[in-house]
Structure formats: structure tokens, C-alpha cells
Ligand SMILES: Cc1cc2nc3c(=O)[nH]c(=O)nc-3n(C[C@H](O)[C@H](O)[C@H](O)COP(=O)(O)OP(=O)(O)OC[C@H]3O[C@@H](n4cnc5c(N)ncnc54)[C@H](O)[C@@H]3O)c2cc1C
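Shown here is one chain on its own, the form predicted alone, set out as C-alpha cells.
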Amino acid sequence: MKANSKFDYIIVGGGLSGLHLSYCFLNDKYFKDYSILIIDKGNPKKQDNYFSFWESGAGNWDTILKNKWDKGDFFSSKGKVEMDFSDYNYKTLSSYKFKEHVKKKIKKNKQFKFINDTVLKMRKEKNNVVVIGNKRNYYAKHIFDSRLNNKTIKKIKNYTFLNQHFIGWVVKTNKKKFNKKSFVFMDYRIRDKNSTAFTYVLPFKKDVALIEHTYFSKDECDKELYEANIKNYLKKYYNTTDFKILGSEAGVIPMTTYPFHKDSTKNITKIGTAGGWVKPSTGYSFTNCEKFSFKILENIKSGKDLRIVPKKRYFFLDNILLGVLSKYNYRGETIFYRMIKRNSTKKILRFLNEESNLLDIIKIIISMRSIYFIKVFIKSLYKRTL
């Protein structure tokens, strides 16, 4: 074993979760003498995507934000709801800026090492885990692995699941069409009648915004459908067909009750999407990546299990909400409208952040007044897949 191939911890994947965890290690003095390797296969395309999240007060990423908002709008066929994000600002940053910011700080620290390599497999060897790469082998006491393997992808379909799939364009309009101080949280006015689908608008300037069309459904759509909906939205609600596409993003995010934490072992902890860090009922992950990275470091210090196991209360609620969206996908607009119309924005965001007290949780569930929740709840008592 080569000395320069042995580390205390190896993080496989230099994406969102891997960099969040690396950043937490970097800023915790407890780990200042630990050696950490980050293995990333690299992405030659370097596509710039956007991470969005809500946060109370100042945060670690405020200096690199693309924009933040304290006001937002929700639109549906039933009406408009003005949302107050003054307690929890809605924030967006580019993936490129995030990665650049974190990597710049990490590369200044000698305890970290970046290697571009493709991980082929891992095996246990005495007190270490061996990571077998395409270029060489690497050794560590513990591995944090962000890869989602094909076996898990197949297993997901045996549980309640949807995919959040989307295409977004960053557009520059010929005239000033956007209100930079307010964003569109969800807009259901252009949608497929049989699916939960909505448009999402993040204004960066008065003439520049990210317009994204998103589906919560099992199957992806043809690229032309998302793009046609974006064009139609700009024409109908911003009265413009005169725009340039400055950039684009596309993705598929699994929303599922699959117990990802069971894929971890004593020496290999799954993180990110592979660790179940995506909120099953919403598809948001940025806040979870930061929160769970801190939790892992706390558990290392106290000698606890490093897997992130979902809180039973919220896992149950995610299962019910995801079950309703899966079984009655066309009801998504009504479900979200009732939730947002009948509860304060602060209360909803605390609920989605898994910070609510029991009384607020009960009030939110009651506010949706849906027979479909009762049906799915009963079914959940004896079926794993809803």
C-alpha cells in the first residue's frame, strides 16, 4: 500500500453532497489533522445548473447567490396566492459558482486531495476499505459514496415513487419583463390535465430569468413538450416571443420512499441522492445536504452510526403525500393550492424543512381536507407501494 494512497476518509463524487461534506470537514477544527480524498470522475460538459433553497437569516452561501427573494407568487386555476418569504428568504445560486467557491477553499488546505478518476468497485480489507479506481487503488477507514447504482434504481420502483423531471431556460427578453424582487414559486396555469406539472420563474434581472417547466410524474416527457410549455408561458403571461436563451438546464430527480440508508454499511456511507438526502415529497436537496453533512460530523465525533435515517414522523408524511401524488397525480394542483392558501408561508417552509411541532403538522394536514389522504393513509397500513 502506497502511503500517498491512504486517507482517513474518501468522498466519492465531487457534486453537491460531496462538496457540502468536504466543506463541513474543512470548517471543523476537530478534523484539521485528518486526511481526506475527493474522487470525482469529472464532467467535461460543465453544465451550469441552479440550486434553490429557503433559509432564515444569513447563510454560508450569501456571497455567491445569484439572487434571493422575500416575496413569491403561487398561481393555479383557482387563483393567486401571494407568499411571504421574509422569514425564510428563497435563495438561488449556480452550481458552477458553488463548486468553484468550495473547491477554491479546499485546494488551499493540505489535508485535502482531489483526484479525477472513475471508481470501479470497493472492497473491505482488514481495517480499511479499498476503492478500486480506473487509474489506481485508494485506501481509507471510511468511505462516503454519492453514486446511485443501477440495482438501487431498479429497487426504487418497488416503492412509492415519482420523478421530478424538468427543463429550464435562462432567457433574456428584449424588454424589461420581470420583477426582480419577486419570483414564481409554482404556476399551474399551463399544465397537463392528467399530471402534476407547473412552471417556475426565478428573475435574476429585469430582463433575465430562469423559466423552468417541471413535472412530478413517473415518466419523462419529450424535450419538445417542456420547451413548448416554456414558450407558451412567456407568450401568455409575459407577452413576449422576443427573447434569447442564455443557458439551459435539465434533470430527473427521484422522489421516493425507498430506504436509501439501508444501502450503507459499517465502512461505507451513502450520501446525496444515493443516501436519501432528497426530500421525497418535494425533490429539494440543497438544505438537506448541508444539514446532513453537519450531522455526519457530529456522529463521527460521538462514535454514532453515520447513516442518515429519516425521522419516522416525516417519513410517514412524505409517504402519504407522495402516495397521493402518485395515485392521484392530477390532484397535485389542488393539494398544493390548499396547503399554500390556508397556511402561512413560514409554517409551510418549517413543515417542509422538518422543523414543525406536532400541532402545526396536524393543522397543515387538516387544512388540505382531502378524501384522497384518507384513502392513501388506509392503504399505507398494509401496502409498501402506494
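For every residue, the number given is its place in the sequence shown, counted from 1. The structure presented is a predicted model; accordingly, all values stated were derived computationally and were not measured.
The discussion below concerns the form predicted in complex with this ligand, not included here.
- Not displayed here, this ligand is kept clear of residue 187 by more than 4.5 Å at the level of heavy atoms in the predicted complex.
- Proximity of residue 199 to this ligand in the predicted complex falls outside the 4.5 Å heavy atom cutoff.
- Heavy atoms of residue 321 never reach within 4.5 Å of this ligand in the predicted complex, leaving it off the interface.
- For residue 112, no non-hydrogen atom is located within 4.5 Å of this ligand in the predicted complex, even though that partner is not displayed.
- Contact with this ligand in the predicted complex, defined as any heavy atom within 4.5 Å, is confined among 72 to 80, 169 to 177, 228 to 236, 269 to 277 to 269 to 277.
- When you look in the predicted complex, the only residue of 326, 67, 356, 49 with a non-hydrogen atom within 4.5 Å of this ligand is 49.
- Listed residues 40, 55, 333, 360 were compared with this ligand in the predicted complex; 40 is the one with a heavy atom within 4.5 Å.
- Residues 117, 118, 119 of 109 to 126 are found to place at least one heavy atom within 4.5 Å of this ligand in the predicted complex.
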